[in-house]
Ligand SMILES: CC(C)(COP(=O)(O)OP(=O)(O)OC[C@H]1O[C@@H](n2cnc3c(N)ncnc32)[C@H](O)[C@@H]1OP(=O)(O)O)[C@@H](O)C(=O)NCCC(=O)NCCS
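The data below hold one chain only, encoded as structure tokens and taken in the form predicted alone.
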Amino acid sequence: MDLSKASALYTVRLLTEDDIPAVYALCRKNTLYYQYCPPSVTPEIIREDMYALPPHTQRKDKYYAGYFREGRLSAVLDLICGYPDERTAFIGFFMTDVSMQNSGTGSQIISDLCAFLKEEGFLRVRLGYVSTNPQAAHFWHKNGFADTGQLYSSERYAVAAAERFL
């Protein structure tokens, strides 16, 4: 799958370990996110996330991508294709630069991504968000994702599952 075609407004490419400083700079400014989803971001956590896979998936299924405009990292997306089933794409992480939040940028990226995934043959997109984070719930609901009613507990917080049919 060629994720570079997922946006007409941004250059989309897979991120590498060389991009970790830029990803860290983008993420660390979003202190509100990490209040709800600890621990705070570190370069080591970003490196781990770049390679983390859910059960029954392979490295070829994972797209840890950056959205760039004028050479500047604007958003980060962790996408797993074929999870939890072959016709579903799973967003493991999505964050825009804080300077772009509340401007429609994130919604446009997600809208374009969903249109692209539909063209690629996917039927739905799933994700999880920290259930106590009202900003995350609002963003995902506004973008057509509905709670599934499933709630997963971790040591630090509960994650609400949501999905959008394409």
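Predicted model only: the values in this text are computed from it and were never measured. Numbers follow the displayed sequence, beginning with 1.
This next part talks about the form predicted in complex with the named molecule, which is not shown.
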Worksheet, complete the sentence: The listed residue (42, 58, 102, 35) that reaches within 4.5 Å of the named molecule in the predicted bound form by any heavy atom is 102
Worksheet item: According to a 4.5 angstroms non-hydrogen atom cut-off, is residue 142 in contact with the named molecule in the predicted bound form?
Response: yes
Discussion item. Since only the chain is shown here, I'm wondering whether residue 81 would be in contact with the named molecule in the predicted bound form (any heavy atom pair within 4.5 Å).
Written reply: no
Discussion item. With a cut-off of 4.5 Å between heavy atoms, is residue 94 one of the residues that contacts the named molecule in the predicted bound form?
Written reply: yes
Worksheet item: Quick one: is residue 131 in contact with the named molecule in the predicted bound form, heavy atoms, 4.5 Å cut-off?
Response: no
Discussion item. Using a 4.5 Å heavy atom cut-off, which of 104 to 112, 117 to 125, 60 to 68, 47 to 55 contacts the named molecule in the predicted bound form?
Written reply: 104 to 112
